[in-house]
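Shown below, as structure tokens, is a lone chain in the form predicted on its own; questions about how it binds or moves come after it.
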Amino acid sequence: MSRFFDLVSKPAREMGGYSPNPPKQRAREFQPRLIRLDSNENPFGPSPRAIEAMRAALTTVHAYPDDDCIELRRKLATQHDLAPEQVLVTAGSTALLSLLCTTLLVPGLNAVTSERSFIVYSMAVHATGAQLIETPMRDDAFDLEAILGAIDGNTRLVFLANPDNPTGTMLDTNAVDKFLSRVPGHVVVVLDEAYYEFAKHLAASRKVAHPSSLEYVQRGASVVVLRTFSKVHGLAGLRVGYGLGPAELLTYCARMRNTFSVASVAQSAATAALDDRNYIDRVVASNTAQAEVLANGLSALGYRVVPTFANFLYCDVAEDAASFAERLLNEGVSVRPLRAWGAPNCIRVSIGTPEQNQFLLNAARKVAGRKSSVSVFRS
């Protein structure tokens, strides 16, 4: 028995941690100039306006940041036609997931989501001692009927990643409208829209109705919409996210957060990034075009690719995905095998720059027929 085993909480004993795949230190052993297409990062970096704002903010880092992120909250509220009290800024949207769980869940209660969805849902729920119920998917997408059937009197949260991570599938307006009309009043629905800008652009190009999630918030539904600056804005390293929802609920969540949790440099960069519309448009346009390039290229190699509404692809390689990813790593490109998500033959591939995507496709052609019996890492 270890020294602290009996002292720590049951969730702390039983939970596994989140491990980036592969760790950067391990990746360097394979390729000093590794192309990382494993974490859904923006390959173009931050907006020039955000970089300029960060530089200017460095002169004030001796002072604590604004704990309420007032300037950023006001700008977000104006942009989304909400009151500032309906906006809560946190250190990444994952921090807000944890706050929602801490605020609404205790042992004996539960949250519901789908299998093969964002892995942090499980971590955030189990940290409270509550139960996470994961329903089966249907055709690589959420089965909303199954989720509704799993809700009971002890359910307080439902997580809908839209689009989903890692499958990239999206629920359209009709599906979300019908679902919300049937959710009981004691349940808060979290619409996790980390990839919102990509999804909206891809949906428009395919003539699919993207849900107007803000309308649910504006009419007072028990819905919290999550957004982030980590994806389209290219600020993943600064950790800035936000939630849009009922003012009363977000006030309770705000009481549970850490003091000064969003750095002043991060607040400045996020505020400036919102104004760079040209940059955002360029990023989403490239993503839409390159999603087709990558999907066609991987499909031509015989792999099953699920149409995406995000900045990554879910791909069934019809073999052990960790071994396949290992061989790609040896060629200089990192992707995410999905065994931890219950999909041992699938990988998630972030959509990079045109040059990075061509490198990946060339590497995939090289390794397609090469098998490996030993896996260097597992997700």
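Keep in mind it's a predicted model, so treat the numbers as computed, not measured. Throughout, we count residues from 1 along the sequence that is shown.
The discussion below concerns the form predicted together with a small molecule, not included here.
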query: Which of 173-181, 286-294, 113-121, 80-88 lines the interface with the small molecule in the predicted bound form (heavy atom within 4.5 Å); finding: 113-121
query: Contact assignment for the small molecule in the predicted bound form, among C253, A194, L72, L298, heavy atom within 4.5 Å; finding: A194
query: Listed residue (G234, G92, G243, P211) with a non-hydrogen atom within 4.5 angstroms of the small molecule in the predicted bound form; finding: G92
query: Heavy atom of R239 within 4.5 Å of the small molecule in the predicted bound form; finding: yes
query: Q267: touches the small molecule in the predicted bound form, heavy atom cutoff 4.5 angstroms; finding: no
query: Proximity of C101 to the small molecule in the predicted bound form, heavy atoms at 4.5 Å; finding: no
query: In the predicted bound form, A161 touching the small molecule (heavy atom, 4.5 Å); finding: yes
